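Only one chain is included here, represented as structure tokens and corresponding to the form predicted on its own.
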């Protein structure tokens, strides 16, 4: 199996702020307090990995970045656009933010190529010929060019997740969000998806990744965020986070998953 090689000296320096979340609070209708005053800043070109135990709020927090989850107080600004209740603003943010989920969420009745071209033609208003050319290039980039005319049900889980990544990239996003993108895959399929994500990181894509893949976090992340009970417990470069964590909750978490 091909191994993920470390991202050596990253040639990108943090630049403009892509995500600015301040004092974000979220309650569910049943009264559950899911996010408790959460802060996070992500710069252009950064790869930030969010880790934490089940129920810690990490996926909920990630989903606030494109309006899939509402929040009751605090502020979130994505690439200069403030998220709130304005549906037009949420739509504008979603056009700039790609999202890859645990499940692939592909349209089963459309071919791989049609899955990629649907949104750019409808949302971006681009010509089908132009989008098809880009889609084929992206499928080549993620290593499944030969699957373009198949249907999702004819592909393996790893191939379907690579289609999902290519579909998001077809919208030319400025930011990519990944919500445990390998958790639904068989172990032998995980690596092929992580390699695609590694290449995106090398290309300078801004990425926020919720994952339990320790090796990916160690080798690719600029910073690792630990969440627990709806709060950010610790933020640190991966070498510090994994080798000399500062918070007792971080030490406990790492002892349970290492």
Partner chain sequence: MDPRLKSPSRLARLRRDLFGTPLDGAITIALLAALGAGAQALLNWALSRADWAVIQANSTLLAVGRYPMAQQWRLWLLTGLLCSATGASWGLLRRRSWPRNDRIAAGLLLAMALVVPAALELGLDVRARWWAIAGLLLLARWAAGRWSHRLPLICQKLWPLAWPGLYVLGLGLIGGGLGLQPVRTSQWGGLLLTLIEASFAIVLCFPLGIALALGRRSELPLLRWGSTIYIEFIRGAPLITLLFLGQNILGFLLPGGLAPDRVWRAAWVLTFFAAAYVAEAVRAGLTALPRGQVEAARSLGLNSLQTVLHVVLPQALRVALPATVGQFITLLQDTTLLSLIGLLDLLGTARAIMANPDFLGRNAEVYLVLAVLFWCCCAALGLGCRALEHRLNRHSSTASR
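Positions refer to the first chain, counted from 1. Remember, predicted model here, so these are calculated numbers, not experimental data.
We do not show the form predicted in complex with the partner chain, though everything after this point is about it.
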query: Contact at 63, 97 and 171 by the partner chain in the predicted complex, all three, heavy atom at most 4.5 Å; finding: yes
query: Residue stretch of 38-46, 63-71, 190-198, 215-223 approaching the partner chain in the predicted complex, non-hydrogen atom distance within 4.5 Å; finding: 63-71
query: Touches the partner chain in the predicted complex: residue 159 (any heavy atom, 4.5 Å); finding: no
query: Close approach of residue 109 to the partner chain in the predicted complex, 4.5 Å, heavy atom; finding: yes
query: Any non-hydrogen atom of residue 119 within 4.5 angstroms of the partner chain in the predicted complex; finding: yes
query: Non-hydrogen atom contact residue 153 with the partner chain in the predicted complex at 4.5 angstroms; finding: yes
query: Option touching the partner chain, based on a heavy atom within 4.5 Å in the predicted complex, out of 85, 127, 75, 105; finding: 105
